[in-house]
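Take a look at this single chain in structure tokens; it is the form predicted on its own.
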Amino acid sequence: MSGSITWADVVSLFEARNVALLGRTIGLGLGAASLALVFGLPFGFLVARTNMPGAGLIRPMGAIPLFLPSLFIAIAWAPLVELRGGLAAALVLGFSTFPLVALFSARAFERIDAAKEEAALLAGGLRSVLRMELPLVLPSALAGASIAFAFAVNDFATPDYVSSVGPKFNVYADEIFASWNVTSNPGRALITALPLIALTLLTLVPALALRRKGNLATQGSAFRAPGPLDLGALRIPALIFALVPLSVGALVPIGRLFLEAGGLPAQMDAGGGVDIGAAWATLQDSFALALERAREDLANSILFSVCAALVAVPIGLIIGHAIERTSRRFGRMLELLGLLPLALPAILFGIAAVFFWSTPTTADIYDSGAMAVLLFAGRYISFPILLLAGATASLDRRLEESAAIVGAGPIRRLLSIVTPELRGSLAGSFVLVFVFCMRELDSAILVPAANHTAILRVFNGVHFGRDEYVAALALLLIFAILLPGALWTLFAKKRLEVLR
């Protein structure tokens, strides 16, 4: 794409409109990341380290807002509140990404040595413990907030929907999309996206450094896992606090979609009483219609996402292992390269796929489902690379060194030593790639092979006639997204190690 850049494209980068859009996008990202930090850090502490009621159940449920398409959160709240424009987009994206901070923080709190905590408790109680632990956990929390910022500034669908129901709120991703729609010039699209790519990298690279610092800050050779802290009279207020982001980001949106699928809002708008029997019948009809109209799209979403995860996870294991087992300089270079797909705006990723693959030589691939698999696997391969690199770092090198001494080659060591030890992280990486592929919208809008998916069907339905059927299809998609993680938890009897 860079070969198509002209001097006129470079000059256009400094137009006042682009500068203003970049400033507005940075503001959106800061707002979303700040909200994610404010709710995510205490949430992670409460569910991981305290005797808050229901902490064991609320902890896995806290990941649901991240797994839901942020578009669904927006469409669920739009009829309920008057907030519109940038504030609404920041709130939606903040509550959607707060699980990132919560997950990083929870893992960091669990790595604090019990001996240090007990000493702080004796010195000054719970307040003293928090003063001691916060500096240790803050790097991990800021790493999560940095990733939340990167997600927010690259989001296209949520600001687009917010603009469709209220005042126009353009962000930088809109300009990338518009530059391609108007000119179909890949060079113009790329040069337009460069500031956003640079901004994302400037966010994600420090996030990796912060996470590494958070991982290493609290571990010692005589580490002892800490026990739950007693909140005393604060147990119920803590539960109420934890339920706020969970309700805003998951429970209310899912509940609202059920009400819409049952036609209850339409009944209330008509001025009549609520007829539960009619609502139940409408709910059944809505799901039946959704399955009838969109069965193929839903099947495509599942198939593309499973195949993308099957492609991305083995490659992620190889590269992630190499990051930790090669020289430090080469490993850091691999880590940066592994970060690049996540740093590219999804809209630009879709444009690049169209530009690269829509040629006579590759037309058969471009028109097939394989294109969607390649698009999704490439888009989210960063997750298994980075997560499995972190998991590999926790393994004792001596296991592999001993196997090498007795003649085991690198492939055999990877398959027989590393893979069994990382099965929880491998499953978590698979689920994470699957989930994000199922909810991927921004890049899929532009690639015809990826248009035949459930999320695209919901996106079109929301914009061109939202009704009970669209709500039912959104619920079916949510069910398909959450099912793999739920099955793992049910049968494996342990948490997915997505943030080891």
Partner chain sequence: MPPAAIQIQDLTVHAPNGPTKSRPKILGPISLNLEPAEHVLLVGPSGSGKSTLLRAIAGLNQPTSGTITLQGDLATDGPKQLIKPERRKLGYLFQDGALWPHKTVHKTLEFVLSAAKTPKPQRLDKIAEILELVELTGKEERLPSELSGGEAQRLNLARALITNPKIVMFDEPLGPLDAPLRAALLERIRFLQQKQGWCALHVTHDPAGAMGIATRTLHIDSGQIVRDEQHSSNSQATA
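Since the model is a prediction, treat every value here as computed from it, not as a measurement. Residue numbers count along the first chain shown, from 1.
The same protein also has a form predicted in complex with its partner chain, omitted here; what follows describes it.
A.B. asks: Which pick from R235, R84, R413, R111 sits with a heavy atom within 4.5 Å of its partner chain in the predicted complex?
C.D. replies: So the residue touching its partner chain in the predicted complex, by this definition, is R413.
A.B. asks: Quick one: from D297, D285, E324, E421, grab the residue that has a heavy atom within 4.5 Å of its partner chain in the predicted complex.
C.D. replies: By the 4.5 Å heavy-atom cutoff, the listed residue in contact is E421.
A.B. asks: Does R131 reach its partner chain in the predicted complex if we count a contact as any heavy atom within 4.5 Å?
C.D. replies: The answer is no: R131 has no heavy atom within 4.5 Å of its partner chain.
A.B. asks: Any chance G277 has a heavy atom within 4.5 Å of its partner chain in the predicted complex?
C.D. replies: Looking in the predicted complex, residue contacts with its partner chain do not include G277, since no heavy atom lies within 4.5 Å.
A.B. asks: Would you classify L136 as touching its partner chain in the predicted complex, given a 4.5 Å non-hydrogen atom cut-off?
C.D. replies: L136: no contact with its partner chain in the predicted complex.
A.B. asks: Would A404 sit within 4.5 Å of its partner chain in the predicted complex, counting heavy atoms only?
C.D. replies: Yes, A404 is a contact residue.
A.B. asks: Out of 345-353, 198-206, 391-399, 71-79, where are the residues with a heavy atom within 4.5 Å of its partner chain in the predicted complex?
C.D. replies: Selected stretch: 391-399.
A.B. asks: For a quick test of understanding: in the predicted complex, does each of R328, A408 and I417 have a heavy atom within 4.5 Å of its partner chain?
C.D. replies: Checked in the predicted complex: all three residues contact its partner chain.
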